[in-house]
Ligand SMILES: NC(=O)c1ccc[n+]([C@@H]2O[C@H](COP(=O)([O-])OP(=O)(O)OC[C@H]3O[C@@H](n4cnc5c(N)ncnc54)[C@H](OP(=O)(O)O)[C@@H]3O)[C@@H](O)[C@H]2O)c1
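Single chain ahead, written as structure tokens, the form predicted on its own.
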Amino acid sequence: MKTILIFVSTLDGKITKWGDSKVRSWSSKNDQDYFDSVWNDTRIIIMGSGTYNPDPVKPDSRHHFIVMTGNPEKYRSRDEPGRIEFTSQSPFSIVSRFEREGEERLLIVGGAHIATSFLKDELIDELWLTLEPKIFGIGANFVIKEKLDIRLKLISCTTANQQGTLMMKYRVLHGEELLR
């Protein structure tokens, strides 16, 4: 199973415009179309409640949304088995469960707390990053308050438009790959 972390970032590393997580439309149409395509092609999508709350996903038969929260009881009325669930399970427990169920891929879409916890626990196989040619100065980063030393290897890089939006895919190096 492949676990993918996907984000869009500015050149100065911001994933939110001026720290406002409700501003969703700052990335290019190219990035939005790309993200929609990846989203539509993935069954298991993981996010934190901070990503879910400003713009709640609508459960559908094509996806199984996992919303990580410290207070799943708060969302019990929204649980729909096989479509959307709210959990306080650890990243390791979630990944193990879907590996046992034979899933091919998990997509982690945010936010920073969730991304950091999966990275810290070495559960990310690939990082798919869209780099937008913008600078916000103030905003959230996709990794927070954690000392990490994660090495990546570029898989692909595509220029998406004339402005210079880059769509990059990196493999996270683990174990033996780090020794090379």
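Keep in mind it's a predicted model, so treat the numbers as computed, not measured. Residues carry their position along the shown sequence, with the first being 1.
Omitted here: the form predicted in complex with the named molecule. The next part is about that form.
Visitor: Any idea which of 36-44, 57-65, 150-158, 114-122 reaches within 4.5 Å of the named molecule in the predicted bound form, heavy atoms considered?
Guide: This holds for exactly one stretch, 114-122.
Visitor: Closest heavy atom of residue 8 to the named molecule in the predicted bound form, within 4.5 Å or not?
Guide: Looking in the predicted bound form, residue contacts with the named molecule include residue 8, since a heavy atom lies within 4.5 Å.
Visitor: Can you work out whether residue 96 and the named molecule are in contact in the predicted bound form, taking contact to mean some heavy atom pair no more than 4.5 Å apart?
Guide: So residue 96 does not count as contacting the named molecule.
Visitor: Should residue 15 be counted as a contact of the named molecule in the predicted bound form, where contact means heavy atoms within 4.5 Å?
Guide: Flag for residue 15 set to yes.
Visitor: Since only the chain is shown here, I'm wondering whether residue 139 would be in contact with the named molecule in the predicted bound form (any heavy atom pair within 4.5 Å).
Guide: Residue 139: no, not in contact with the named molecule in the predicted bound form.
Visitor: Of 66-101, which residues get within 4.5 Å of the named molecule in the predicted bound form if you count heavy atoms?
Guide: Heavy-atom contacts within 4.5 Å come from 68, 69, 70, 71, 75, 87, 88, 89, 91.
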